[in-house]
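Single chain ahead, by itself, as structure tokens, in the form predicted alone.
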């Protein structure tokens, strides 16, 4: 255990002095840095702030479904799922009959899974929009219920006030 000269916690970073007057004057703190725009390096890889799904060709993967903006996601996912099931059965056969030749089947399965994953990721913006619509609709519903509850309680209070006034007037 350390003797009297060692601190149990490290000292704060030097920039804490920039916030010394924050409690008395919140505007005295320096503004936060601007958000990063464009590309930036992180741990040896370059990332971008654009929310664009890279195509399979950009990733070096062969695309198994048709290209274009009008993709029937349900049909293509079902087709890829059938292909995946077929390839898994073929892999089982190859593992039984020729175990040394399984690598090609595993690569085919990996390709199908990457295509399915890419199709599902391309549906994320639609899912986000639908989730946001659902959240907003439920908020609107809760607020309408709150307004109705307030109106009902106001009417009850007015009724009680009228009854109280009538009782006081009759005495």
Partner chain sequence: MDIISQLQEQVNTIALLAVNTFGTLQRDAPPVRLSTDYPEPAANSNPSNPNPTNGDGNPNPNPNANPSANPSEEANNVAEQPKAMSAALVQAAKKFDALVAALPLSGEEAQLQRIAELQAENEAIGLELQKQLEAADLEMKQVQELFNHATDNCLNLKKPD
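Positions refer to the first chain, counted from 1. On a predicted model such as this, the values are computed, not experimentally measured, just so you know.
We do not show the form predicted together with the partner chain, though everything after this point is about it.
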query: Any non-hydrogen atom of residue 129 within 4.5 angstroms of the partner chain in the predicted complex; finding: yes
query: Contact of residue 158 with the partner chain in the predicted complex (heavy atom, 4.5 Å); finding: yes
query: Heavy atom of residue 74 within 4.5 Å of the partner chain in the predicted complex; finding: yes
query: The partner chain contact in the predicted complex: residue 137, any heavy atom under 4.5 Å; finding: yes
query: Site check 84, 117 and 123: each within 4.5 Å of the partner chain in the predicted complex by heavy atom; finding: yes
query: Partner contacts in the predicted complex for 150 to 164 (non-hydrogen atom within 4.5 angstroms of the partner chain); finding: 150, 151, 154, 158, 161
